[in-house]
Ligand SMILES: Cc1ncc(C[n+]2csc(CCOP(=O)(O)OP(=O)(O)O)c2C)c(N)n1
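Okay, here we've got a single chain as structure tokens, the form predicted alone, with questions on binding and movement later.
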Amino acid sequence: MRVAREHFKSPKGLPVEEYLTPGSPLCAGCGGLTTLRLMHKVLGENVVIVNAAGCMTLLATFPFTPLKSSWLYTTMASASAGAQGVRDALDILRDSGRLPPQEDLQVLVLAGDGSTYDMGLSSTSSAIHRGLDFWYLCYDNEAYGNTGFQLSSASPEASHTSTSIDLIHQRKKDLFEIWRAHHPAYLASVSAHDAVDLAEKVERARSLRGPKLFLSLAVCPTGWGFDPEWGDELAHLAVETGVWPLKEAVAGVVRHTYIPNRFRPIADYLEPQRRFRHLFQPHRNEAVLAQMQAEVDAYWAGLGTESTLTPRAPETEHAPRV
């Protein structure tokens, strides 16, 4: 099931202008980079990106950058506070007549899960509470990626990180619900695999004033352990297995923008990733896999009448390998 599309019917209808050009020093296959590129295409050129220290900081290493927009670098904990200062300054200049309306900028916070889920949550909570008119994009690669892929509160159960050798028994923090409890103007989860769904959500949020928050699963070849050519397929599998629901919330009301007609088993998504290899080699850990599958199934079963669930499809025989 897919909701009706109002603005973009297919990838061919997406804006052709590019504001994030080739030549980035980021890792090949980075899902966060693709998400930012797609979001920027819809937002346009008049954007100032307020970046929390993280993987994406490599996009602006003096004197070169592939971005055509403006850029402000902050510490991991203060990106949303920086966005407040930039937005306030722009409003003062615009209201005093020193900044023509056509030169006004949209303020976009760009932060990874380490900053978003953990260190920067306080300043973001405050910005949402104040009703700051800004955009926020979290590229979630489920660990502290730029400092060695350490455990974060976004790391999923049973995944290996550089600081968790044994099975970790933690539930990933539900940032979508934490953000929703703040009553932002708009909130959405997105995937770089579904460019049209992403563009639709950005366009729908345009007309709203206040915090506009986007949470994107950022496939990470370096940290997750897979060949970069499988990046889009893994992003696709995350959606089709139900691990990464695509949804939005306006005025607190949640709507799922895509529900698979037939869910793939979660193992199809986990097995190609080195960080989950211990669940399949030297022996398949059926107990842990069953527990993880049950948690995904419980999420979708809890939606009630919003979705019509069908049995999971059989596991594919030829899943992508590391």
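A quick note: this is a predicted structure, and the numbers were derived from the prediction, not measured. All residue numbers refer to positions in the sequence shown, first residue = 1.
The same protein also has a form predicted together with this ligand, omitted here; what follows describes it.
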Of 244, 144, 214, 179, the only residue with a heavy atom within 4.5 Å of this ligand in the predicted bound form is 144
Note: exactly one of 72, 99, 119, 86 sits with a heavy atom within 4.5 Å of this ligand in the predicted bound form, namely 119
For this ligand in the predicted bound form, the stretch among 105-113, 193-201, 170-178, 235-243 with residues bearing a heavy atom within 4.5 Å is 105-113
Would residue 90 sit within 4.5 Å of this ligand in the predicted bound form, counting heavy atoms only?
no
Checklist entry - Does this ligand come within 4.5 Å of any heavy atom of residue 76 in the predicted bound form? => result yes
Applying a 4.5 Å heavy atom distance criterion, does residue 54 contact this ligand in the predicted bound form?
yes
